[in-house]
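Have a look below at one chain only, the form predicted on its own, in structure tokens format.
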């Protein structure tokens, strides 16, 4: 993968990947702010508004027309959590220049439209129009309410909130209904000014364009001024040395069991490689201990998977189970943890896990969004590890290192949603 990472200004970074595999290209702009319950709702609503129109194209009709002129350009905005960071993201998906008619520079014009959405949003009397704000508030509130319909996501959110009640990790990136309701066009302006003037900026590009052309487009239409490049470290969760058990009732056909564990913080490329191999063997694949034993052999669940929390020393195990088998499933999951701690897995298991991870890393080069996510991780982690280097780190992981990491896995939470009283 041909990647170049550069600092355009203090606090403004560009990661670009040149590839000829695709007929389209993706550029993203991510503003990094601390994940905070007092501000998440404002940033979430802000992204909805910034993707609807610009000062130059203030109506949905005019905005749609210009996007159609640019070969059905896609422009989206959304918030995304990364550990205890909230990313305010805008993204364009455009046709590659070589597929445009008459040598048209689509990327240049697409970046111009992206810059217009960022630096010249549609305002009335210096604030976001109230009619648009009120409409998007309704949409965002419906989105937040719909989280409960996705039982797995809701259970994971509740597990974070219960296990880490006073940590940014427990905050829902979409926001909270009461805080959304309190917002208006004027109250959104400080959120907007903060990302434009203060928040560190991470720009990624994946497509056929040369690095020099990408920088030309960015410097012409995304003229961010220098700002503080500091990103707060994730709060290291302090183990409580006891297990909290919480059961919440909800009418549903099956229960959802979420177990929370503390782990060693995987804060270096080497430690992330160890965690990745550990997770693949433990619960991250259809060949894992959780899947093969808890689901297949013992028949205690419909699914059972592990989810390490990126940039955080926490790991969750989520499982869909029948009512009444909660304790059996918990005991079985704990047995798989003990298996990892005792090293009761083979070199063949390690080899298969590594091969699976390597295939996944290599397949990232076949999807523009995967490349974009990889580039963002590169500049956020500030370690510039290439895919090839990541593969080498994975292949160098030893059984002793996996077992040593497993020793740090400590149970702390049992959360059951929808179970019998």
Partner chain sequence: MNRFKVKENKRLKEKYYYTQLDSGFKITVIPKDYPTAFAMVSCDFGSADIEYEKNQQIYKFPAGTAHFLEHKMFENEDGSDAFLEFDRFGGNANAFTSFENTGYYFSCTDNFFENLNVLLKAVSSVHFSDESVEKEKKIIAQEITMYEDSPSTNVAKNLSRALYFSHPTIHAVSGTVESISEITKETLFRAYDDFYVPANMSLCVCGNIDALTVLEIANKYFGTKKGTRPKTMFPDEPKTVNKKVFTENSIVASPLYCIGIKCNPFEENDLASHRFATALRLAISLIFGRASDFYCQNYAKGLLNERFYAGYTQSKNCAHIVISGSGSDYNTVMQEAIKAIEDKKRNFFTNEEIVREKRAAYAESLTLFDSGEDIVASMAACAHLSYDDFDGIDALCDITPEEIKEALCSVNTENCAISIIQKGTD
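Positions refer to the first chain, counted from 1. If you're wondering where the values come from, they're calculated on a predicted model, not measured in any experiment.
One more form of this protein should be noted, the form predicted together with the partner chain, which is absent from this view; the next part is about it.
> Look at the candidate spot formed by 160, 246 and 347 and say whether the partner chain comes within 4.5 Å of a heavy atom in all three of them in the predicted bound form.
Negative, none of the three is within 4.5 Å.
> With the partner left out of view, is residue 254 within 4.5 angstroms of the partner chain in the predicted bound form by any non-hydrogen atom?
Yes, residue 254 is a contact residue.
> Taking heavy atoms and a 4.5 Å cut-off, does residue 136 contact the partner chain in the predicted bound form?
Yes.
> For residue 95, is any heavy atom within 4.5 Å of the partner chain in the predicted bound form, or not?
Residue 95: contacts the partner chain in the predicted bound form.
> Report whether the minimum heavy atom distance between residue 335 and the partner chain in the predicted bound form is within 4.5 Å.
Although the partner chain is absent here, residue 335 would stay clear of it in the predicted bound form, with no heavy atoms inside 4.5 Å.
> Using a 4.5 Å cut on heavy atoms, which of 197, 331, 178, 142 is close to the partner chain in the predicted bound form?
The residue in contact is 142.
> Give me the residue from 250, 189, 123, 236 that has a heavy atom within 4.5 Å of the partner chain in the predicted bound form.
Checking each option against the partner chain in the predicted bound form, the one that comes within 4.5 Å is 250.
> Looking at 261-269, 199-207, 284-292, 337-345, which lies within 4.5 angstroms of the partner chain in the predicted bound form, counting heavy atoms?
Flagged stretch: 284-292.
> Pick out the residues of 226-247 whose heavy atoms come within 4.5 Å of the partner chain in the predicted bound form.
The stretch 226-247, when checked against the partner chain in the predicted bound form, contributes no residue at the 4.5 Å heavy-atom cut-off.
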